[in-house]
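There is one chain below, alone, in structure tokens, taken in the form predicted alone.
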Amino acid sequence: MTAPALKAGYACSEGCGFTASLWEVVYRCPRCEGLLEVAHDEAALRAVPASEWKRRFESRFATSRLPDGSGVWGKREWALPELPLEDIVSLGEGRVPLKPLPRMAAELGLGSLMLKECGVSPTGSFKDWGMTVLVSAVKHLRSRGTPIRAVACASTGDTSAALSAYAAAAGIPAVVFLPKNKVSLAQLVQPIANGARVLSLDTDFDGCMKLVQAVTADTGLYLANSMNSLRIEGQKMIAIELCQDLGWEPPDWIVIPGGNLGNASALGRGLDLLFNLGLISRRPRIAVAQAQRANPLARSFRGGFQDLVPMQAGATLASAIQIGNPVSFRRAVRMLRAFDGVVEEASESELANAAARADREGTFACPQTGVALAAVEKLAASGVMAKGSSVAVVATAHGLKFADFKVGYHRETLTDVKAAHANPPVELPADLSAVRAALKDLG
């Protein structure tokens, strides 16, 4: 018996009944203004046994040739099943390490603590997972004659880097809106190097987001932020790859930094699909971690998931999640409720010290990952995470994008941070006896 053809389309995430083709340019439901999601034909997916999905995914994972060697397109039936292979735009995203932190786990009383190193990626962040899907869809739309002249996004840095790289690979013009003086130099230079039109605006991310939504109301400019559900389809593969790394057995907890909250909702979508299709036998719990100075979801959680109250996000070292009015708030809340989730926050000292603590085990954690690691410390200390739990943290970007953060930490010059693990260089005369004296206490 031939398995039914796999199909997907847009559906309103609020359940009002609106549907549309994936090849329409639409971001919100025209009936209720809810965000859209990509709805897959799960009956058709279920017609393929879980054992066959595992075999297929693992077989593709063994090759380095694209598109099968992509951590996203090696699972393309679960992303855009009707996309022609010739329209895939891949830079080799995904397939990133799952790094254990055994000393930190032991100190916290956890059974295991692992980092899913999404910064080990073409542009250095998890944004690549979603952007490959979105730009591939745009390439296909243009091939169908849809008049899209450019793709555009608002960004705190990583989204603009991913969009500009994938758009450059596809030969599609890109426009990025960045908040002036609020992104690292490494993040700013990436879209410039890839030839994007960079608009540095005297506002914050939320101000940039308002402007890009207004500009992309012209269908000639295509919106590439995470309110576009095509992004979520790629980012959900992080959860799927994580479970594949663990032999299709999820950890007890998955912890993820939260800013605009698209990645949080993507995590839930990936886990839902795995569970519904029988590739995993249980649901992990989820924790979203926010910087204390940009914590609208944490405030809502403390009030029993009250409606979002937008805030003016304060300056934080975790600049990539410095967002006070997250677009995917409602989607993230639904995900947290479905996965018995919690929200924790971290101060500037807590996030900086947690990142430095992880670095002592050979990683190079970005400040956003520091927020998630600090949340693990607090949840383990409070008993929310039970002793012996297995925990995976989604490390969202590479620390090399935030070199100033690292330098400031070890020089002890970061504002509002007491650096518990500072390791400045030892300045000595070029003298053998002085060198020997400085090395006496090495183990």
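All of these numbers come straight from a predicted model, not from anything done at the bench. Position 1 is the first residue in the sequence shown; the rest follow in order. Throughout, rigid core stands for the largest set of C-alpha atoms superposing within 1.5 Å between the two forms.
Note that the form predicted in complex with another copy of the chain isn't included here; everything after this is about it.
Taking the partner from elsewhere, no residue among 27, 299 and 337 has a non-hydrogen atom within 4.5 angstroms of another copy of the chain in the predicted bound form. With the partner left out here, another copy of the chain still marks one of 281-289, 230-238, 260-268, 363-371 in the predicted bound form; by a 4.5 Å heavy atom cut-off that stretch is 363-371. Within 4.5 Å of any heavy atom of another copy of the chain in the predicted bound form lies no heavy atom of residue 310.
Under a 4.5 angstroms non-hydrogen atom cutoff, another copy of the chain in the predicted bound form has residue 92 among its neighbouring residues. When contacts are judged by a 4.5 Å heavy atom cut-off, residue 330 does not count as touching another copy of the chain in the predicted bound form. Not displayed here, another copy of the chain is kept clear of residue 146 by more than 4.5 Å at the level of heavy atoms in the predicted bound form.
Just one of 81, 173, 109, 314 comes within 4.5 Å of another copy of the chain in the predicted bound form, counting any heavy atom, and that one is 173. Put simply, of 196, 137, 114, 223 only one has a heavy atom within 4.5 Å of another copy of the chain in the predicted bound form, and it is 196. Residues of 412-437 placing a heavy atom within 4.5 Å of another copy of the chain in the predicted bound form, in sequence order: 423, 425, 426, 427, 428, 429, 430, 431, 432, 435, 436. When the rigid core is held fixed, the Cα atom of residue 17 travels less than 2 angstroms between this form and the one not shown. Once you line up the core between this form and the one not shown, the Cα of residue 423 stays within less than 2 Å of where it was.
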